[in-house]
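The chain below stands alone, shown as structure tokens; this is the form predicted alone.
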């Protein structure tokens, strides 16, 4: 059964470890998963006093049409990057109603530190739960020392993380499948 997954890559950096993690993870999803990348770069900071820009309309459509959301977060000062929080704020305020409520999601992350993205994932999971998303909690994927483990060709030199990512992709696929079958 074809599924549409929307990737939120929380780093804008050209050589982002989380973009590389997306490259690896997207190759582990079942073959009938179609990937799209959330266009979060152009969203202005959320301000309820301003009229939504055209970028917000396009973004809301992306989120509405996705069967699942996949968040790739770095850790900035012990939390998630502003661009990722801003995207969640915009998504939750769709005039047609929040498309986040009940939507399946997973969280992954890569950083150079020894703890991976532990703190940012805790914060992100709290936010996603608050906005009503259906999180697939296990297994947790926190790639530490990403500068040593992620290769530019979309490979991950960490057999434990690879195994966990394959399981996470399968768990998300099965959760979405159950929801689409209803």
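The shown structure was predicted, so the numbers you read here are calculated from the model rather than taken from an experiment. Residue numbers count along the first chain shown, from 1.
Below, we refer to the form predicted together with a further copy of the same chain, which is not included among the displayed structures.
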query: Candidate stretches 31 to 39, 125 to 133, 153 to 161, 51 to 59 - the one whose heavy atoms come within 4.5 Å of a further copy of the same chain in the predicted bound form; finding: 125 to 133
query: Contact flag, residue 82 vs a further copy of the same chain in the predicted bound form, heavy atom cut 4.5 Å; finding: yes
query: Contact test in the predicted bound form: residue 88 vs a further copy of the same chain, heavy atoms, 4.5 Å; finding: yes
query: Distance check, residue 112 to a further copy of the same chain in the predicted bound form, heavy atom within 4.5 Å; finding: no
query: Contact of residue 78 with a further copy of the same chain in the predicted bound form (heavy atom, 4.5 Å); finding: yes
query: Partner-contacting position among 142, 69, 146, 43 - heavy atom within 4.5 Å of a further copy of the same chain in the predicted bound form; finding: 43
query: Residues of stretch 108 to 122 in contact with a further copy of the same chain in the predicted bound form (4.5 Å, non-hydrogen atom); finding: 119
